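Just the one chain here, the form predicted alone, laid out as structure tokens.
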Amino acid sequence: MWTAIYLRQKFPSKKILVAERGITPAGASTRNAGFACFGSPTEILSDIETMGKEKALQLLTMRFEGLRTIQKVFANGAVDFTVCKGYELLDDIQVLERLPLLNEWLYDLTGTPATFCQQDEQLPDFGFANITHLVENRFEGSLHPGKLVNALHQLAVKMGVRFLWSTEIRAVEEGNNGVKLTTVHGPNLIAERLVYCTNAFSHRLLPKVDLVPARGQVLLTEPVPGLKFTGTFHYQEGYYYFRNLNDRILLGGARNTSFQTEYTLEQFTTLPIQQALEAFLYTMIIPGQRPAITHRWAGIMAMGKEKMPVVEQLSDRSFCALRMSGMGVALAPSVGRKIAGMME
């Protein structure tokens, strides 16, 4: 939808159509945990080691600017956007030793010499167990994924973008006069240009793209009386993430406990991952308490050999904007703007 909006701005006389295979966008767009974040220190440092400093900071810039775009385009209340401060739970002092250099690298982006600040003194107030260090980031936030998708849809429709729901594309054939899209149930579609924005589900149409689906699982507790913390929290390079949803705890992740089983397009929760999440919840987040779990769900992300999104022209008429690496909320505005900028 971000891509459609930017294409409409660039080509006001063109017909822009979004073909959505489901009755709603449900791959990850409405099934994530609602984090409006651009990364935790351990994740960023890991990205620098694997991607190199230049690419890692470029990716971070895309996330940061994407979140700013969401705030600029939509009133905070429309999508429940809250800059609530983010924190990373640490038990590795070596990461703390690298914070000054990381903050130096991020100064031009965030405009502050202390993007990440050590705040160990707040740990007793939050009530966590088995955690020795806490790092704060005042730029982190949260939002309501469903409200964001709804707001994007309303804006796109207002701008003249058309939508076809429950329209799954089975095959694509590119010719001299356009692109033919064969749908599962008909009718077939003809377009001048095509952009693949199907993220983790793209292998069915683009088998050569470096992309693997990765399931993210989440749970939500019943209200916890006297909940001690507010904000968004990360642990172990973001493989665990949680936040307060009013007085409930929304917790996701644990994919690193079973990578191979989570490389899947199956959108259901599994006992091993849910048990790992519950163990983290009951032993580290709220030790000594066992609130009931009221909701569980899963969404499908897209990963690859590196985290940089695939934003490319595939042929004379086809483009793709794929592989958000679990940061689609933050990346989508920047990626949509970039892919629209590639078209003439």
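Don't overthink the numbering: it's just position in the shown sequence, from 1. No experiment lies behind these values; they were computed from the predicted model shown.
Only in words, not in the display: the form predicted in complex with a small molecule, which the text now covers.
- Each of Glu20, Glu168 and Tyr241 is positioned with at least one heavy atom within 4.5 Å of the small molecule in the model of the complex.
- The small molecule in the model of the complex comes within 4.5 Å of no heavy atom belonging to Pro41.
- Although the partner is absent here, Asn137 is not a contact residue: none of its heavy atoms lies within 4.5 angstroms of the small molecule in the model of the complex.
- The shortest heavy atom separation between Pro333 and the small molecule in the model of the complex exceeds 4.5 Å.
- Of the heavy atoms in Thr221, none are within 4.5 Å of the small molecule in the model of the complex.
- Picking from 52 to 60, 309 to 317, 279 to 287, 31 to 39 the stretch near the small molecule in the model of the complex, with a 4.5 Å limit on heavy atoms, gives 31 to 39.
- This chain is displayed alone, yet in the model of the complex one of Phe126, Phe201, Tyr235, Phe74 has a heavy atom within 4.5 Å of the small molecule; that residue is Phe201.
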